[in-house]
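So this first bit is one chain, no partners, the form predicted on its own, shown in structure tokens.
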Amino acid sequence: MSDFGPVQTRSPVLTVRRVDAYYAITIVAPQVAERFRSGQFISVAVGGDQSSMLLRRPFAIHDVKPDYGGTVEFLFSVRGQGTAWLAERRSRDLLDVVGPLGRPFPLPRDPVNCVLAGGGSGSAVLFPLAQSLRRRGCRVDFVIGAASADRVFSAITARRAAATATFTTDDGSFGLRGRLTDALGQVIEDARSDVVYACGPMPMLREVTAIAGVYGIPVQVSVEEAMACGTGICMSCVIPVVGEDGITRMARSCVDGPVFRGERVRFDDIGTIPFDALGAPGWKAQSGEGGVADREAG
């Protein structure tokens, strides 16, 4: 196995803490920590050894400390039996974890101005990215949106990690009233941003991509798509993505992503197989066409 490939471990829980509307679990997983790159995720078995819940649950990695015993923290909200079981874990419980998985965020070669846009729990993904960008001399500006104040994750840390941090809530209970995308354009202008990194619900990512297009800057999006296996086998997380050759392919979010170039994701066609996608009924194969979804960072 490659030194940078995923590993499966039984990792002890260090802490479980409540963070407003979310839970944050820190596990000791040095092999995962040393392989991690910003934007990758882990897949966690839930319910215990005798559970009928066979499918693992994917969770984005929020924080990694390779120098402190190799700890990994992930964030989640309780949405069903699996996450309810996780919320009941305590220190020293063991979790069956596979990771790190997925394609990470590409980092710029030279120092540039970066705006990081996170919706709800999706903002957690962007904190390790902010650290990586700052180590490369990049300017970082945060725009974080959520439904309400209790779903704005780690505002204090965001302010410390960035040149500026702008917050929006749908109900106006924290920061500006409105959506993240209402504030994004002004932040791009004020910070003279060169690139946008985003994570959040698909409708938000579609709007963020459109706004970045108006300003003529690239956007990297980490998609939130339901995953069953997390390793590319089950094909449950496919989305239509346009390759460099102009051909649409059904890309697996778990291995071809979760990070994609925003302008190449066909957001309006997610949940379908477009008629012009490679392999779709009626698609006419041409010589030299085929292969996996484009992985170039650009």
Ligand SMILES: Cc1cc2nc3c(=O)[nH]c(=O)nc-3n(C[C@H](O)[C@H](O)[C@H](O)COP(=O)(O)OP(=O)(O)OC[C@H]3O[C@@H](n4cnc5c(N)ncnc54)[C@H](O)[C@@H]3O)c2cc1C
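Each residue number is its position in the shown sequence, starting from 1. Just so it is clear, the model here is predicted, and its values are computed rather than measured.
A second form of this protein, the form predicted together with the ligand, is not displayed here; the remarks below concern that form.
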| query | finding |
| --- | --- |
| Residue stretch of 109 to 117, 69 to 77, 188 to 196, 154 to 162 approaching the ligand in the predicted complex, non-hydrogen atom distance within 4.5 Å | 69 to 77 |
| Contact at A60, Q81 and S121 by the ligand in the predicted complex, all three, heavy atom at most 4.5 Å | yes |
| In the predicted complex, E225 touching the ligand (heavy atom, 4.5 Å) | yes |
| 4.5 Å heavy atom contact, F41 and the ligand in the predicted complex | yes |
| is_contact(R249, the ligand) in the predicted complex, heavy atom dist at most 4.5 Å | no |
| The ligand contact in the predicted complex: L55, any heavy atom under 4.5 Å | yes |
